[in-house]
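For this one, two forms of the same chain are given in structure tokens, first as structure 1 and then as structure 2.
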Structure 1
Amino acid sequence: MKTRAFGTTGIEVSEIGLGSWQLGRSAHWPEGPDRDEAVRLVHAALDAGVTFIDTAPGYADGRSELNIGSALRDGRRDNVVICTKFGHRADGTTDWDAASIESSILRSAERMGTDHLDIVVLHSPPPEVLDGTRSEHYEVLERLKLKGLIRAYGASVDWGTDVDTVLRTSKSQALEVRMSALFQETWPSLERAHDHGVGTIIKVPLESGWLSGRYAADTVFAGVRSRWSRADIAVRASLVDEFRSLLPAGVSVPHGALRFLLAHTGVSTVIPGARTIELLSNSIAAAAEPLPVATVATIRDFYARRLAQAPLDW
């Protein structure tokens, strides 16, 4: 596993990290791994060279951080960079009070059995919190950095305008940004973040299953995605099929999707989720070799033609 510099922070991270929003079995995620399986999954990631883990207090109803803590109790804490978040709590409620940041970080650190956290980001904050000219959240995080409780901070965002807001109004050194082969809106903003020396974490890289092979035109969705009509689903499936046709022979859709993101020099690490060791191993294998430059350009053109003017809700 190759590593990359996390901006100019002095932190090094593996190209493929472990996204752990589903690293636990809970009422809202009954298909998640139990504690023992979660520990095995984290250990498998570390053994394969993964050095970056992304989590949050609310992931798996709070089980994610606890399971990570269990996995790192064998003396492996110093071998991993941990990123967690502030804003969404384990009980499903939100708390954006800047005065709550330190206590939230301390609770996360306690759950994971550590005395400090490497990276903390505001978890998809509302506009009045994201904008550093309208809130004191980044100032609080800066004080906690100087105190030694965290090493870097920033925000988790979805749009290029959000990236620019963080760069313009704060001293953030970290950004967690949504981007995939089917959602490239943030591609140019990642270049600006790189120029600012900011480390970047790419979230939802496989579009929550569309680029992992989990869904197809005949998939029946429940929950929030049940709002999609059969025509909506067919459009999304056809886009995945078109993306597949752009890849070199022998390159799977998940591998092509992850290699495409790693082709961006502004990307520090990509965090596909993994419910099983098999899925984890497949994601790690994607980093073994790069996509050809011409293929990257073709995928960029595909997005410009098909999706840039009206990005889909995946």
Structure 2
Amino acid sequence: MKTRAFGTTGIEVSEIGLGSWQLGRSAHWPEGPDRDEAVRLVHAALDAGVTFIDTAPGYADGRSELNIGSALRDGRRDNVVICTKFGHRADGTTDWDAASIESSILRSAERMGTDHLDIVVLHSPPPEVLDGTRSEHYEVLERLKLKGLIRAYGASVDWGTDVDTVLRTSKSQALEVRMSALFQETWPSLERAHDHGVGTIIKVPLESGWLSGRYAADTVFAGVRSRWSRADIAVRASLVDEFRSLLPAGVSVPHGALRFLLAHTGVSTVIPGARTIELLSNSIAAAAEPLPVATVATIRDFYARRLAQAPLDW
């Protein structure tokens, strides 16, 4: 597994990281792993060279951080860069009070059995929190960084304008950004983040599983994915078919999707969500080879033609 610099922070991260939203069985993730399976999954990730884990207090109703803690208790903590978030709590409620940041981080650290966290991002915050000229959150995070509780901070966002707000109004060193072959709206903003020396984490890289290549127009979804209407599902199925046709022979849809993101020099790590060791291993294998430059250009063109005018909703 190759590593990349996380901006200019001095932190190194594996090209493929572990997305841990589904690292626990919960109402949102009825098919998520139980505790022992989650521990085995984290160990498999680390054994394969993954050195970056993305989680949040609310993931899998709080079980994600606990499961990561269980997996790291045997002395593996120092082998991994942990990113967690602030704003969405384990009980499903939100708390955006800047005065709660330190206690939230301490609780996350306790759940994961560690005395410090590497990266903390504001978890899809509302505009008045995201904008550092209107909030004190980044100043609080800067103080916690100076105190040694965290090594870097920033925000998790969905749109290029949000990336620019963070770059313009804070001294953030970390951005978690939505981007996939079917959602390239943020692609140019990643270049600007890179120029600012900011480390970037690419979330939802398989478009919530669509770029697994396993879903189709007649797939029925449960849990968190029941948000799509039949019309949404039909549109996504046809886009995935078109994406598949752009790939070189022998390259699977998920490998093409992950390699496409790794072709961006502004990307530090890509974090597909992994429910099973099999899916995780498959994602890790994607990083072994690059996508041809001409294919990257073709996928950029596909997005410009088919999606740029009306980007996919969440």
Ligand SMILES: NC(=O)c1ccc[n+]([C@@H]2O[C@H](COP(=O)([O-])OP(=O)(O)OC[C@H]3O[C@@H](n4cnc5c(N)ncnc54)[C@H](OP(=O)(O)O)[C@@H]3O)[C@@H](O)[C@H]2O)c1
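In this text, rigid core is short for the largest set of C-alphas that superpose within 1.5 Å between two forms. Because the structure is a prediction, the values reported are computed rather than measured. Residue positions are counted from 1 along structure 1's sequence. Shifts are known only where both forms have a C-alpha.
Undergrad: Kindly point out the structure, among the two, that is the form predicted alone.
TA: Only structure 1 fits here, because that chain is the form predicted alone.
Undergrad: My question is whether Ala288 is one of the residues whose C-alpha shifts by 2 Å or more between structures 1 and 2, given a fit on the rigid core.
TA: No, shifts by less than 2 Å.
Undergrad: Quick one: once the rigid core is lined up, does Pro30 have its C-alpha move by 2 Å or more between structures 1 and 2?
TA: It does, since the Pro30 C-alpha is displaced 2 Å or more between structures 1 and 2 after the core fit.
Undergrad: Name, in sequence order, the runs of three or more consecutive residues whose C-alphas all shift 2 Å or more between structures 1 and 2, counting only residues present in both forms and superposing on the rigid core.
TA: Once the cores are aligned, runs 26-30, 220-235 are those whose C-alphas move by at least 2 Å.
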